[in-house]
Structure formats: C-alpha cells, structure tokens
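One chain is shown next in structure tokens, namely the form predicted on its own.
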Amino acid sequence: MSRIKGFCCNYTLSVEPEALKGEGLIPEDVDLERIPCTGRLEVPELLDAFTQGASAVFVVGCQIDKCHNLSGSRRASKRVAQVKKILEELDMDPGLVEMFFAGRGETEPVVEAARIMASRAGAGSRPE
C-alpha cells in the first residue's frame, strides 16, 4: 500500500487525525500531521517526505482570504507549486503533490484531500 504524507493547518482540522482513521474516514496509509501554519512548510521539507517513502504529499491550509496567520496558505501554495516543478524536472508526476484549502474547523475538505491523494498515489500514472 502507498504511504501518503499530509500536512494540515492546526486551524482547519477540528478532529485528531487518528480519530479520522479510526472512523474509516481517511485511508490507513495516510500520515496526517497537524502543524501550526502551512506557511512554515519549506520546499525541502515537502521533498523530504518523498525521500522518506511517501508516494504522494498534500497540504491543507486555511482558505487564502481567511488564513489565520494572514499569508500562510499563500506561502504554502507557492511552495507546493515549486515542488510540482521540481517533480516535473525529475520526470515524476506533479500531481503527486497538491495544495488544498479548508475553512476553520472543517473536517470534510481534509478527508476529501486525503482520499484524492490516496487515489492519485494508487494510480501511478501521469495526468495528460
């Protein structure tokens, strides 16, 4: 089974990641890490997730215009875009890294992001 690494803003997810797994809402192979702000994520950290065995990586931040830390989601989105370009240069599927947005305390967008990325990791093909 593929391993998917997710980083989630502490303000978007109101439930512990293990509770989502326990309820069967996110796949077992998703490692979802809550962080204070997605804007703190750096390109090397996102790339490291792949070198540590992740098949796909995703970030869930606040909605751009409602970011708790003002510009954290905007910074994270730009860094995810950089990682997409790097993956392309390495002849890897840029769809294996993605940025998603959720409102404060919204669990469903996080669950949906995890499911989307699990599907992409399992597909193993480049999007046309």
Partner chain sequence: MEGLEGKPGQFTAKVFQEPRYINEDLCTACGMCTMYCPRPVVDTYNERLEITRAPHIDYAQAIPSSYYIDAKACLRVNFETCNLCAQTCTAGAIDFSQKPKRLELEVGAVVLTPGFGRVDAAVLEKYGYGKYPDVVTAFEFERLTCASGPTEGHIVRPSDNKTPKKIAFLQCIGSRDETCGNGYCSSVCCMYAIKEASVAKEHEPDLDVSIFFMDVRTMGKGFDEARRRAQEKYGINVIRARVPRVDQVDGRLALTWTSDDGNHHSGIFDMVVLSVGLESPEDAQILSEIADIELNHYNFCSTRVDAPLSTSRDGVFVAGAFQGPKDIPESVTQASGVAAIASELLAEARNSKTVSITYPEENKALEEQEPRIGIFVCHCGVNIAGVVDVKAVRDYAASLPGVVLYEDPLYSCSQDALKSIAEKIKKNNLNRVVIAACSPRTHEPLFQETLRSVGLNPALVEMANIRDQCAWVHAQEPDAATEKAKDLVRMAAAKARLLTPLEQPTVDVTPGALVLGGGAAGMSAALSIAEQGYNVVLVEKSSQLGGNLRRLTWTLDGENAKAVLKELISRVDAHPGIEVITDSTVESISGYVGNFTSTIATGKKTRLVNHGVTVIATGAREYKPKSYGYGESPRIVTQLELEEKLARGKSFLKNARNIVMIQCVGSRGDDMSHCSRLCCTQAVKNALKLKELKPDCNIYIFYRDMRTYGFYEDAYREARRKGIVFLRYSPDKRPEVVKQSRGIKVRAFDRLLGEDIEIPANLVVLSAGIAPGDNQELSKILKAPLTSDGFFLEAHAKLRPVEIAVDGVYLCGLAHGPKSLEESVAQAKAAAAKATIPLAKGKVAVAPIVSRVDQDACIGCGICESLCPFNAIRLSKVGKRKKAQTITASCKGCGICASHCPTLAISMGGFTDEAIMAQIHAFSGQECSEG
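Numbering follows the first chain given and starts at 1. Owing to the predicted nature of the structure, the values given are computational and were not obtained by experimental measurement.
Not pictured, yet referred to below: the form predicted in complex with the partner chain.
At least one heavy atom of residue 25 is located within 4.5 Å of the partner chain in the predicted bound form. For residue 10, no non-hydrogen atom is located within 4.5 Å of the partner chain in the predicted bound form, even though that partner is not displayed. The partner chain in the predicted bound form comes within 4.5 Å of no heavy atom belonging to residue 119.
Although the partner chain is omitted here, in the predicted bound form all of 15, 105 and 111 have a heavy atom within 4.5 Å of it.
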